[in-house]
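In structure tokens, the next block holds one chain alone, the form predicted alone.
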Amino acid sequence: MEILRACIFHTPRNAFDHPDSLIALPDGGLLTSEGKVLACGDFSAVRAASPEAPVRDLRGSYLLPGFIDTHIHFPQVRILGGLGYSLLDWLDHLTLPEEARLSDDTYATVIAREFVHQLAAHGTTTSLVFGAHFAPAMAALFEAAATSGLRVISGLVLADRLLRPELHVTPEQAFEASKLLLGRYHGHGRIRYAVIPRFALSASEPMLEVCHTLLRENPTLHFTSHINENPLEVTEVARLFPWAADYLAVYERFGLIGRRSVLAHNVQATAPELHRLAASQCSIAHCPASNAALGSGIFPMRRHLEARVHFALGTDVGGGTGFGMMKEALLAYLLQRVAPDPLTLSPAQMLYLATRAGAEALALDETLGDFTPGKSADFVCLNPPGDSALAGVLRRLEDPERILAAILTMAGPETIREVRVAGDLIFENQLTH
């Protein structure tokens, strides 16, 4: 049992539905025991209720719930910074050649370790990860994640057409390899398995039927793929599936859309698709950096909100610009300011999108995403370097919302002091001590 004393922020309710959702505790206390949150409130009240608990004095630091990334690609770590492409050109010239390299087991192991280190170093405690096309590479990712202590949901990426030939597998091969991987890793420690067709473009109807079978046989699995990212992609999907009324109808035909489904992007969403997404409780992973970097467009956030379609944030490494979820929240704010139907996000909504909204998207909101008692003690401790611009700004601020806004605007990985998952230390930045 331990009380952490620091400035604490979290959003235990949907910040779009509840404008007063932000809990800001300038002198807060977070009581944890055996990896769980027991209490969160003003330090004096938490201390009075548990006088026997030792206190860890972190005043001058800021505690946030662990960040939750709902869309990121494990094999794409080393193609970050590839600017100047649209989606399909970017896939052909940068992404697919790099993903093919993960057929080399040694290289895949190196990339897996780099990937999980960067997640931890950026404060991401839970992630829905697009995996590799090769089963040994997936095993390397799961083993690295297990060693790191992170929560990772991922799976073998399935494709049987319109990619590089070495990335293709038959539906039969996809089924057998997926069964072996999920049997070995799903539900072991903090690992969960997801069924992942790359996108409708590269998955034939028999491959999508394999996805359906895997989900039917294993109802606790997650599902993720892409949807409506780029106009050319949408046009090609319509050509390949002439029977489908729209992009979403392809996934619906095979029973892939439900509470545990997350579809990335949805920039080019139609009104009927939004209506059906809301009815199915499927979530969208909004990836503002990637949408801008690849020229895909600006996410129609207001339309999603009006249709009651749930969404959270994803970094989309490597189409995005890095692992930082705080930066992704800032980019969501910036792009919505200039969207055709603009919105001004509050600091509470930005924090919510990077934390609890992700837990809701992954059907994990009963166990993580904020500091409600009973939830897992997953948190990020921020301590800006004393000579940083952020530290200077924070020294003159007293209003909690302004403090949170400054953190989400200016904080980078250099501000992260430590990261914990279920109370376990998974990253510590020695430079902040």
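Keep in mind that this is a model prediction, so the values were computed, not measured. The first residue of the shown sequence is 1; numbering continues from there.
Below, we turn to the form predicted in complex with a small molecule, even though it does not appear here.
Looking at 95, 228, 261, 148, which has any heavy atom no more than 4.5 Å from the small molecule in the predicted complex?
In short, 95.
Of these, 223, 134, 175, 90, which has a heavy atom no more than 4.5 Å from the small molecule in the predicted complex?
Comparing distances to the small molecule in the predicted complex, the residue within 4.5 Å is 90.
is_contact(residue 124, the small molecule) in the predicted complex, heavy atom dist at most 4.5 Å
Result no; residue 124 lies far from the small molecule in the predicted complex.
Please run the contact check for residue 328 against the small molecule in the predicted complex: heavy atoms, 4.5 angstroms, yes or no?
Result no; residue 328 lies far from the small molecule in the predicted complex.
So in the predicted complex, is the small molecule close enough to residue 356 to count as touching (4.5 Å, heavy atoms)?
Residue 356 lies outside the contact set for the small molecule.
How about residue 76: is it within 4.5 Å of the small molecule in the predicted complex, going by heavy atoms?
Yes, residue 76 lies within 4.5 Å of the small molecule in the predicted complex.
Mind telling me which stretch in 302-310, 288-296, 183-191, 333-341 gets its heavy atoms within 4.5 Å of the small molecule in the predicted complex?
It is 288-296 that comes within 4.5 Å of the partner.
Check for me: heavy atom within 4.5 Å of the small molecule in the predicted complex, for each of 67, 370 and 420, yes or no.
No, none of 67, 370 and 420 comes within 4.5 Å of the small molecule in the predicted complex.
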